[in-house]
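Before any questions on binding or motion, here is one chain by itself as structure tokens, the form predicted on its own.
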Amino acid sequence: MKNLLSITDFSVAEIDELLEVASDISVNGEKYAEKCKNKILATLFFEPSTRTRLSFESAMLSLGGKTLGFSDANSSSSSKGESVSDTIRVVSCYSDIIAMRHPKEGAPLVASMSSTVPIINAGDGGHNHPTQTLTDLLTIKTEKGKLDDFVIGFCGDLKFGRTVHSLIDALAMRKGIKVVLISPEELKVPDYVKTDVMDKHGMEYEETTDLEKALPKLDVLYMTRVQQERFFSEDEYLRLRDSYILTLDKLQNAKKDMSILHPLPRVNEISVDVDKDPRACYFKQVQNGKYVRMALIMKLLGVK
């Protein structure tokens, strides 16, 4: 039985195969309408989510399956003190596959040790978000036609941004990727991401606090919000939340074919005027998220 706890659980070949299926789903969706008939997906979201949870549910329904679950830890038995392990053992009896989000890093790994069905990590604290990474990879592949030899800038909260950490993990497996890390000093990428991932794979990267200087060299810009829920101090959050705001004026110096990604939700780090720019890809990302989750559910359930 295979789980997806980290993007590194899959080889490059497995990821590429999954992206191929997702691409086919995007144009031949009706072909997949009954692939998971009579299968049940449980969505266990111990932390609030709109896009990811609904994306999983939409994916399973589009495959002809069913869903059950909760969207708030307070509506589950964890509010009574039940352990993650016990919750998973129980839900395994009711479902064929589980997508789980949890505020504690490593919770999906703990869940996988008790589960009798495949576990998908739908985000654990500031650690990992592998299905968002698959979404990002499909979007880049669709926009750029490749997953190697380009320059990507990550901007905003790179310290707590699990989507950033996961995507760096995935891109480290590829060739010719250069990374520009754009953040305030207080929100820099953790040292372990630099030493254990980028340095280990010989990945070329630079750090800067200046978005506008970095823009002209980027093929892909990955914007992120400063996450209030990860801060211990509201004053610190308020001081840093508007560090970077992408506007049409700033984009004048960017490449005409640069792709702008954002895992969403956005607060105000991308001006709504940018939505009309052909380089804006973040709503395409949302659509791609459904396709990759459909492909992933099929893969983990062994559905051809």
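All residue numbers are counted from 1 along the displayed sequence. This structure is a prediction, so every number in the text was calculated from the model and none was measured.
Missing here is the form predicted together with a small molecule; even so, the following discussion is about that form.
By the criterion of a heavy atom within 4.5 Å, residue 225 is counted among the residues contacting the small molecule in the predicted bound form. At a distance threshold of 4.5 angstroms between non-hydrogen atoms, residue 265 is in contact with the small molecule in the predicted bound form. In the predicted bound form, none of the heavy atoms of residue 102 sits within 4.5 Å of a heavy atom of the small molecule.
Contact between residue 95 and the small molecule in the predicted bound form is not found at the 4.5 Å heavy atom cutoff. With the partner omitted here, the stretch from 184 to 192, 201 to 209, 112 to 120, 161 to 169 that lies within 4.5 Å of the small molecule by heavy atoms in the predicted bound form is 161 to 169. The contact with the small molecule in the predicted bound form, taken as any heavy atom within 4.5 Å, belongs to 51 out of 51, 250, 66, 255.
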